[in-house]
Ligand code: ATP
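The data below hold one chain only, encoded as structure tokens and taken in the form predicted alone.
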């Protein structure tokens, strides 16, 4: 199969410079894979027979980003390109990185240490595509397959198991049978991988085109290691008329029904995480999950902290989970109060969450629910267009104005502002300095 890849000018310059100095050099790995698939590579990595010292001698500006493993970053203008010497990895003592590496002059030795066949191809314009392990065939068959023995690959680096599922999710590929069997056998080794690295792979999977690959994470036993709550969801049925899936399958469907945004996909992944703990069965055998939203929000906070997510993501996701099942009375005043209660920053994302949740349920009353969500959003947009008061900061008067009216500084001022805000949420036309001052004066006279 003849493959022509258009190398960026700077990548071509680095490869040509190395080759003109008598060394071998190729673009390698994901950039080759993505180019073949018609995707735009995020990074261009280069592999070479030149030693790190030789690489550094050929370029004006370099950075020793991983020189102990043979990697030098070549800086061209303000752009960096990783150039790594052909190497053979030594023993992996931490299930993540080799203890030491041995440099080699053979490209094949370097390619055979890589994780998957689709990532073990190299290319330059002189030799064309170097595909020793059948990467092209696996791309054509749309499979993720380990280079060599999958048990060896995953024993070396346990994170590769998550990477296999992540690549399947991003590319729409399946995982080759022996590769999947090895993941199932070695899934427990993920316990030795840092939460930060697992988080990075999980996010890439969650925001991919195929978040349903979370099912594979469960089937192989990986979620049991870092997200056992998802296992409970996959094993919790929902015997009621509103649902056609168990909690886990409903969750997967909800993720598929929302756009590929990190916060939104994480919210859908965890929006019903509280259901297994809240499940109750009535006398007719119908399941109910009272209080699952609040319970789930608390659980989601714990889970996201455990996986080392940042505080902003934790706050946004848990807040969306708290309110994902709530629609106020669809009158302007009620919606204003709801926006104040939920918090402005949760909108309009909350509508997307509610819609995705509804689409993942049974058809029973689905259209009625979707209609309510649409009306909820229309009222919200009208309120926002009118710039109506929703927060203390929107009030036409503030604490200084209350002091000028004779109130003493202290908690009474805060309490008064809260009462004024509640009044304005119900009566938005009253948000003027004069009306609010008159309300304060009236209340002072009545005391």
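All of these numbers come straight from a predicted model, not from anything done at the bench. Positions refer to the first chain, counted from 1.
There is also a form predicted together with the ligand; it is not shown, and the following applies to it.
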{"query": "Heavy atom within 4.5 Å of the ligand in the predicted complex - residue from 163, 215, 210, 340", "finding": "163"}
{"query": "Selected contact from 145, 275, 324, 114, since only one has a non-hydrogen atom within 4.5 angstroms of the ligand in the predicted complex", "finding": "114"}
{"query": "4.5 Å heavy atom contact, residue 243 to the ligand in the predicted complex", "finding": "no"}
{"query": "Contact label in the predicted complex: residue 230 to the ligand, heavy atom within 4.5 Å", "finding": "no"}
{"query": "Residue 401, heavy atom within 4.5 angstroms of the ligand in the predicted complex", "finding": "no"}
{"query": "4.5 Å heavy atom contact, residue 204 to the ligand in the predicted complex", "finding": "yes"}
{"query": "Options 417 to 425, 25 to 33, 385 to 393, 48 to 56; stretch whose heavy atom lies within 4.5 Å of the ligand in the predicted complex", "finding": "25 to 33"}
